[in-house]
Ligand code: FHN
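A single chain comes next, written as structure tokens; it is the form predicted on its own.
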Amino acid sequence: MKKMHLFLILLLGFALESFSQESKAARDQRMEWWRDAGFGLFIHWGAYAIPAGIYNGTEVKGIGEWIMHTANIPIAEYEAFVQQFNPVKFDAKKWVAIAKKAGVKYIVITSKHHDGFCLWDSQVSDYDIMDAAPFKRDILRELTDACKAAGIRICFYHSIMDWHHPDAESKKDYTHQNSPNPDWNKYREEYLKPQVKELMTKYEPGVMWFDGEWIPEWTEAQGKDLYNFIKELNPEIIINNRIGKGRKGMQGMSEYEDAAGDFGTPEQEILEGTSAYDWESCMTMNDTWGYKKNDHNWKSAKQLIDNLIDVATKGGNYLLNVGPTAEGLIPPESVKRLQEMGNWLKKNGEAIYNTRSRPNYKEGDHYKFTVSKDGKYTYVIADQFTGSTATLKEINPRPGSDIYMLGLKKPLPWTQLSNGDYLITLPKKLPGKYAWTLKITNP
């Protein structure tokens, strides 16, 4: 046993030395599709959708997918929810059609959350959708195939910690297992990594999105070892910074330069400004990630679109969550808001997709900017216009070029004022609602 532990220490030491040996050009090529995407759909789904926030007739505070911990549910009792998980109304093609109509470019679904229940047919566990639940269908396979047909990237969330596995019991009292001899190294090498390999080889995800790294058993060295393990399986994979210990709280950005992972993960918040480091803001539509039937605190479609604009103009991606029901349906409140976002993106998506930020990403309270990745165009996204004209300082149109409003074919008259500002005459009727985009040709 001591020899094995010494071997693991040496292996992790090698992982630290070999981590992140990648040129900037290679990294830019690998990250390009993700930077271009701008908008993704997060899906938190599992056995926690059965209680839906209610345990023994009492509403449980907090987010839905944490109910096992929050309500102190013993493993045997929680397994009863898994045995009831039979989402007969689940239709992967319908889910993906909703996502496609919303304008999202990638989907991140919980392959396994902290409760340990797996949504695919795992060969290293019976605690999965095929063996422990009555559904007997590989959810990840169906969703992967539907995404591929629709041109959407499939990506997986995966929890590092596991409240169900006896060897994964943490010093932090998350599991209530009281395992006699938990062996974290055994869990990591014989369960966590083999399951990650299954996901990588069977489904070929575009992103591996980890979580649960805050437990004391997990270290930065283990994170870098897992990062290298995954990159050996697929050098083109993208991995979030929660694979290691580098992220700084809910703000989600890495505290040190060589932290494991490829992008920061602000949770339920948006950065105050731009960042030189890739980042993605994950946020809910209401107050929970996993489905809670009594959570009706929905954000408006306008707020969600404002968030998307704010994130894009600051150079990040927006990962917006839905929590499907135990029957396998995306809540209608979520569908309605996604449809509104899709309608807005049909007209204005050019200002979100394939764009980059710039240092002066806004002007005043109502104008924000993105730039096409080839640098040819600046997009001015306005959530409000006052009057029949717009005056802007922070743009520089190519002389003689046309300025357009996305959604309209006719160019808008414009002129440069004596003080250097630019005056743009707006259309009498604005297309659509929520926010509008001016497309300006750069010099």
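Numbering starts at 1 and runs along the sequence shown. These figures come from a predicted structure and were not determined experimentally.
The next section is about a form of this same protein that is not shown, the form predicted in complex with this ligand.
Contact check for residue 187: no non-hydrogen atom falls within 4.5 Å of this ligand in the model of the complex.
The closest heavy atom approach of residue 224 to this ligand in the model of the complex falls outside 4.5 Å. None of the heavy atoms of residue 39 is located within 4.5 Å of this ligand in the model of the complex. Among residues of the shown chain, residue 214 is one whose heavy atoms approach this ligand to within 4.5 Å in the model of the complex. Note on contacts: among 263, 90, 157, 85, the single residue with a heavy atom within 4.5 Å of this ligand in the model of the complex is 157. Here is the short version: of 282, 207, 146, 345, the single residue with a heavy atom within 4.5 Å of this ligand in the model of the complex is 282.
Looking at this ligand in the model of the complex, residues 32, 34 and 311 place no heavy atom within 4.5 Å of it. With this ligand left out of view, the stretch that reaches within 4.5 Å of it through heavy atoms in the model of the complex is, among 332-340, 363-371, 227-235, 107-115, 107-115. For the partner-free chain shown, 242, 247 of 218-249 come within 4.5 angstroms of this ligand in the model of the complex, judged by any non-hydrogen atom.
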